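The chain below stands alone, shown as structure tokens; this is the form predicted alone.
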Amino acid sequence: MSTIVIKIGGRAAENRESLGALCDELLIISREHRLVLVHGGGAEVTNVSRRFGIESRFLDGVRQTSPEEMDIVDMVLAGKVNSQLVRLLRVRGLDAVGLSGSDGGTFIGESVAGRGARTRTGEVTHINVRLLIILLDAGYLPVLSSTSMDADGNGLNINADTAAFRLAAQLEAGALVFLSDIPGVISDGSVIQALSEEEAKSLIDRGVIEGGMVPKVTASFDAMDKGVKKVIIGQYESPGSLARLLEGKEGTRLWK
């Protein structure tokens, strides 16, 4: 059985109705594929931080996680969001297991500002998928929040997209699927169904692909260089969306 890594973000990670429909699909797909879920939940982190009087700070769209907000990141992502996903999956008969990047040393990283810095926004320096492989071989579905730790044992907030890329490459996944609020890579108002590396570079140079989509597309091709068979970027719109994305009927499929 091939492995599919699915990164859930945006409304797909926060709307209970959408999550329920997605979990129904995952049950069907799990009969033919091994699945790993990676999830975000940044909007909920911002909301909860505000309740505690902490205003989230961003630089170029990246959360600048203070030590105080790191506690909230752990609480929301490794706690609330992760537990909610696990419950939704298990009630449908899937053997879901909730994890953070710290479990089994899956991710070790360091602050983007360097070791010892107060900024708890981090980048991955080491990855170990041994625990995930043990769980997958035993028939479990790992559900992973990307909260992690540094070499000194301090919490780190790793970007969930980055976590998904690194995991998929290490697992040599048959597919990596990004579910967000964007239906795919868009050009002239329409979703591009298939995008080669050469075409992507041209669209980036022309400014058609811009903002946060640039690193996502660039990292997608890098992941494919490291063993991922295909990357799909799309939106979970309605029941059946995941199957249509995997079949190439929706979203954008990147290929080399």
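Rigid core here is just the name for the largest C-alpha set that superposes within 1.5 Å across the two forms. Counting begins at 1, following the sequence as shown. These figures come from a predicted structure and were not determined experimentally.
Same protein, other form: the form predicted together with a small molecule, not shown, and the subject of what follows.
Contact annotation for the candidate site: 161, 181 and 208 all lie close to the small molecule in the predicted complex (heavy atom within 4.5 Å). The single contact residue among 185, 143, 167, 132, judged by any heavy atom lying within 4.5 Å of the small molecule in the predicted complex, is 185. For the candidate set 35, 213, 200, 224, a heavy atom within 4.5 Å of the small molecule in the predicted complex is found for exactly one residue, namely 213. Picking from 47 to 55, 213 to 221, 23 to 31, 64 to 72 the stretch near the small molecule in the predicted complex, with a 4.5 Å limit on heavy atoms, gives 213 to 221.
The two forms, fitted on the rigid core, differ between this form and the one not shown by 2 Å or more at the CA of residue 203. When two forms of a protein are overlaid on their rigid core, residues whose CA moves 2 Å or more are considered shifted, and residue 219 is one of them between this form and the one not shown. In the core-superposed comparison between this form and the one not shown, residue 187 has its Cα shifted by at least 2 Å.
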